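In structure tokens, one chain follows: the form predicted on its own.
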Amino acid sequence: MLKRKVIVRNEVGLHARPAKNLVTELNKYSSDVFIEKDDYRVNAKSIIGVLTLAAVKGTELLITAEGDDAEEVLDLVERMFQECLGENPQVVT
């Protein structure tokens, strides 16, 4: 099982639109992917699970992946969080 930490950079946190973007991309991979915040762990391929994290800007999340494409998935997740999960940080208020 591979692990990586990411930080929520979106101004309004990990709300529905970026969560959908994340879940849509993760469901293209075969690995099992989980997100953990403060000992609370959810399936990263479930939009409801991701939204229950209630992750605000600055929240540190631990991403774990297990499977044949786990390293690729973690690279994708890291890149997506760095790019505000598909939201333009200049547009977000």
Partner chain sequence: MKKLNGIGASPGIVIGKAFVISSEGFQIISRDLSEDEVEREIERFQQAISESKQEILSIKRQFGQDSNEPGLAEIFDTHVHLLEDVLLMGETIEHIRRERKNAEHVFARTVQALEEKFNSVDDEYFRQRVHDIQDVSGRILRKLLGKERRTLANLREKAILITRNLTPAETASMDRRNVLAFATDFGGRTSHASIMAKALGIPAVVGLQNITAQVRNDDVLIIDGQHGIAIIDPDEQTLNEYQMRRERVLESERLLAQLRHLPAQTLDGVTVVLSANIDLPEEVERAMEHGAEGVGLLRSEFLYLNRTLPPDEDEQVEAYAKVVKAVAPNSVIIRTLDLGGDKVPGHFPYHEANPFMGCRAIRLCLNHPEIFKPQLRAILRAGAAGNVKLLFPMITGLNELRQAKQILDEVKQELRAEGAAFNENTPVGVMIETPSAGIIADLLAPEVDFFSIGSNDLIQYMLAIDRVNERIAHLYEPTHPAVLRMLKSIIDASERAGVELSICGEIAGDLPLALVLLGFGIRKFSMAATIIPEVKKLIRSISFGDVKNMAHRLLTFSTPDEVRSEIQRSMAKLVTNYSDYELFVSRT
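Since this is a predicted model, take the numbers as computed values, not measurements. Residue numbers count along the first chain shown, from 1.
Keep in mind that the form predicted together with the partner chain is missing from the display, and what follows is about it.
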Residue contact check: T52 to the partner chain in the predicted bound form, 4.5 Å heavy atom: yes
Residue contact check: L74 to the partner chain in the predicted bound form, 4.5 Å heavy atom: no
Contact flag, L62 vs the partner chain in the predicted bound form, heavy atom cut 4.5 Å: no
Contact label in the predicted bound form: Q82 to the partner chain, heavy atom within 4.5 Å: no
Sequence-ordered list of residues in 40-65 near the partner chain in the predicted bound form, where near means a heavy atom within 4.5 Å: Y40, N43, K45, S46, I47, I48, G49, L51, T52, A54, A55, V56
